[in-house]
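The chain below stands alone, shown as structure tokens; this is the form predicted alone.
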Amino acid sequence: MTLKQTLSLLAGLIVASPVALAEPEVPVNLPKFKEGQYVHHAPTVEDLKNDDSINPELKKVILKGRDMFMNTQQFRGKYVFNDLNCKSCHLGEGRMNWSAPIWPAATTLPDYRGKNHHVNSLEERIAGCFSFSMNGKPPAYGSDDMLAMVAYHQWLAKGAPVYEKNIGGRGFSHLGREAPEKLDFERGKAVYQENCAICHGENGQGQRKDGEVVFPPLWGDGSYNWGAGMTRVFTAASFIKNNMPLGKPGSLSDEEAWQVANFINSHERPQDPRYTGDVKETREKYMNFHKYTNYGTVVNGTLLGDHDNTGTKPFLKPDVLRPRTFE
């Protein structure tokens, strides 16, 4: 069987039964929660449907938000300009620990965020995902679509304490922020070819089945842009360690996760929306973020990010990305 035929077969299996591979009942070798951490078990759709205390109109809004989260591609050309869905990075409906569950945003915001150097609301945090990870622009603040997204986040946080930050399984940073050893492009390439190419393609292009994105692209115009959190090598490494290959979380060594994360993020992708017109200047201006990325560095003779390409998006920066001050 050729690689193309194998990819097609896997895509068919995913479309037919996404739970079978995307949400293994027994996760493999995931990190243990630390003593004293709050561990939340987010409610399910069945919990929502069976909860008579929630007004039917609110249920509709929450389910609308879930639908937007699971099938964000329905807004392609409006809010989304790449091939990703929210669930591409936040697995298990945004509920799963160690897969960047989204509910902590509802319990820890508003709060100061170093990425944009001001206090962010939940709406603004969601807007950031659309602007960077989706290479798009978010629903307007206060709009029906934004309300639905917020409602879904808040409902998943049901029962969780507000402003508790010692949360188990949150985010993608458990491997730490600094790579433990020298990262090597060729070593990462070998890990990718052995473990990732079968789903994401030899050239990181991802895969579609009957027009539906099954495996998202990892670089190129269809992937997240240079401002997305996943461009940070440590973020990608922890995500990969705890979630990939699909159906086998925790099966790669820490070293393999770091190497393949570096390899993936050593390829071109759409421009950072905060681009000033000069990649070196942009890297320096946002060094608190880009010191963990390969943006503005030379890899295999190419200065990454030295271009004006915004992918399929007909603009660079959505209006929502603006500073805020209370002075």
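Each residue number is its position in the shown sequence, starting from 1. Note that this is a predicted model, so its numbers are computed, not measured.
In what follows, reference is made to the form predicted together with ligand HEC, a form of this protein that is not presented.
Candidate from 233, 157, 175, 86 lying within 4.5 Å of ligand HEC in the predicted complex - any heavy atom: By the 4.5 Å heavy-atom cutoff, the listed residue in contact is 86.
Listed residue that, although ligand HEC is not shown, lies within 4.5 Å of it in the predicted complex (heavy atoms), from 198, 190, 179, 119: Only one listed residue qualifies here, and that residue is 198.
Complete contact of 81, 271 and 321 with ligand HEC in the predicted complex (any heavy atom, 4.5 Å): Not one of the three qualifies.
Ligand HEC contact in the predicted complex: residue 153, any heavy atom under 4.5 Å: So residue 153 counts as contacting ligand HEC.
Close approach of residue 110 to ligand HEC in the predicted complex, 4.5 Å, heavy atom: No, residue 110 stays farther than 4.5 Å from ligand HEC in the predicted complex.
Close approach of residue 249 to ligand HEC in the predicted complex, 4.5 Å, heavy atom: No.
Ligand HEC contact at residue 170 in the predicted complex, heavy atom, 4.5 Å: Residue 170: contacts ligand HEC in the predicted complex.
Within 4.5 Å of ligand HEC in the predicted complex: residues from 29-57 (heavy atom criterion): The stretch does not touch the partner at all.
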